[in-house]
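Here you get one chain, nothing else, as structure tokens; it is the form predicted on its own.
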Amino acid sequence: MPTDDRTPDRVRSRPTWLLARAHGRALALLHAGFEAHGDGLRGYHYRLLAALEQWGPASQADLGRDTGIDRSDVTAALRQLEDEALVERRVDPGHRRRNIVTITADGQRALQRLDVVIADIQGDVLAPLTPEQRRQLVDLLEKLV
């Protein structure tokens, strides 16, 4: 990713600056990729569906913690997924103030479609790198998070 020629030299090679720029580029590509998909789903919907598919039914609070999505945003996102019949929310019989969320068969199919969208976006983000550089970048980023 080329840096802006107007970036001051003392900033240009700082890891924090480069990570922020890479993050901005990745977010722009994610947004464009989901927008092109055209079904109104976004990255946070994908994370929620992926968590439910991998770990099974969960409370809204656990989903928020597990996916890094703010509690109020989880509620709104789940409402959207529920409106599309991609998840079901039911009151937890053991704790009436808590909802348990389950992915539906339609949600499973949507997740598979989004897997293709995400894979394409990953390819766009990492396009300047060789396959070996891609593996190395992922290994290094995993150490930072």
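Note that the structure is predicted; figures quoted are calculated from it, not measured. Numbers for residues come from their place in the sequence shown, where the first is 1.
Another form, the form predicted together with a further copy of the same chain, is not on view; read the next lines as being about it.
**Q** Please name which of the stretches 94-102, 116-124, 31-39, 81-89 has residues with heavy atoms lying within 4.5 Å of a further copy of the same chain in the model of the complex.
**A** The contacting stretch is 116-124.
**Q** Give a yes or no for P128: in the model of the complex, does one of its heavy atoms lie within 4.5 Å of a heavy atom belonging to a further copy of the same chain?
**A** P128: contacts a further copy of the same chain in the model of the complex.
**Q** Wondering, does A61 line up within 4.5 Å of a further copy of the same chain in the model of the complex on heavy atoms?
**A** Residue-level check for A61: no, no contact with a further copy of the same chain.
**Q** Tell me, yes or no, whether D66 is in contact with a further copy of the same chain in the model of the complex, where a contact means a heavy atom of each within 4.5 Å.
**A** D66 belongs to the contact set for a further copy of the same chain.
**Q** I'd like to know whether E53 contacts a further copy of the same chain in the model of the complex, with contact meaning heavy atoms within 4.5 angstroms.
**A** Yes, E53 lies within 4.5 Å of a further copy of the same chain in the model of the complex.
**Q** If we check a further copy of the same chain in the model of the complex, which of the residues in 127-145 reach within 4.5 angstroms of it by a non-hydrogen atom?
**A** Counting only heavy atoms within 4.5 Å of a further copy of the same chain in the model of the complex, the contacting residues of 127-145 are P128, L129, Q133, Q136, L137, V138, L140, L141, E142, K143, L144, V145.
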